[in-house]
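Only one chain comes next, encoded as structure tokens, the form predicted on its own.
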């Protein structure tokens, strides 16, 4: 299973409908992308178990994207539910803002490239165009080698031969030599990309190439494009243009300005460019699937 839960989808300030930016990414492990004010309450509300969080990733040093980390980690300290260190990845000097008594934290400065790997996937960072030092994140499952089972059995593979051919690259069956590539194919891992706050950029297009889902800043509608540029944000149409150029499968618009109680205008402008677009709402759960997984 690979599932996202949007905990907060607002821009800069909360509203009745939208909380501050935060996304829960659930694969083998649970990770948070940004941790805005009230994130732990949103996790309770939408039944995301915060006690199992293994990593928190902060896109940039604006308060609306990380203020909720203090309440969350204090709750974790009080409940004493953690069995290993909690990894926090954030731009430089973020560690100076955390109280030393939270000794179960492992603070890591974000640099472009690979940040973390588990047995199922890797999370990496790329630079985006926003105020100061700002990053987006890529969650990419490891590619998996799969057997053409019918063909493999027809060629005589059985039992321990499957392990042997993976270890050696071939196996001998009588006088025949069967190569690994003759009986296998590569299943490409699923890929999710999150921009945080940003202007449209080439770095995002490159990071998002072929992604199953791109989650992109869409703070404004077209009529406020100049304001979007001045504030280092994107319009919904610009997010759609990035999605189209990157060849992603689906686009989710987030970081929605409070002036849009109804985001239909943003959705309409984005879908005119990239039809497979949704507007993320607080509590929205998305399971990332492919036809071959069904």
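Numbering follows the first chain given and starts at 1. Only a predicted model underlies this, so the values are computations on that prediction, with no experimental measurement involved.
Absent from the display: the form predicted in complex with another copy of the chain. The rest refers to it.
Requested in this report: Select from the listed residues 45, 268, 28, 226 the one whose heavy atoms reach within 4.5 Å of another copy of the chain in the predicted bound form.
Outcome: Of the candidates 45, 268, 28, 226, 45 is the one lying within 4.5 Å of another copy of the chain in the predicted bound form.
Query raised in the report: Does residue 67 make contact with another copy of the chain in the predicted bound form, using a 4.5 Å heavy atom cut-off?
Result: Yes, residue 67 sits close enough to another copy of the chain in the predicted bound form that at least one of its heavy atoms falls within 4.5 Å.
Requested in this report: Tell me, yes or no, whether residue 41 is in contact with another copy of the chain in the predicted bound form, where a contact means a heavy atom of each within 4.5 Å.
Outcome: So residue 41 counts as contacting another copy of the chain.
Query raised in the report: For residue 118, is any heavy atom within 4.5 Å of another copy of the chain in the predicted bound form, or not?
Result: Result no; residue 118 lies far from another copy of the chain in the predicted bound form.
**Report entry** residue 63: touches another copy of the chain in the predicted bound form, heavy atom cutoff 4.5 angstroms
**Finding:** Yes - in the predicted bound form, heavy atoms of residue 63 and another copy of the chain come within 4.5 Å of each other.
Query raised in the report: another copy of the chain isn't shown here, but in the predicted bound form, which of 185-193, 210-218, 149-157, 72-80 has heavy atoms within 4.5 Å of it?
Result: After filtering at 4.5 Å, what remains is 72-80.
Requested in this report: Quick one: name the residues from 12-34 with any non-hydrogen atom within 4.5 angstroms of another copy of the chain in the predicted bound form.
Outcome: Sequence-ordered list: 12, 13, 14, 15, 16, 17, 18, 19, 20.
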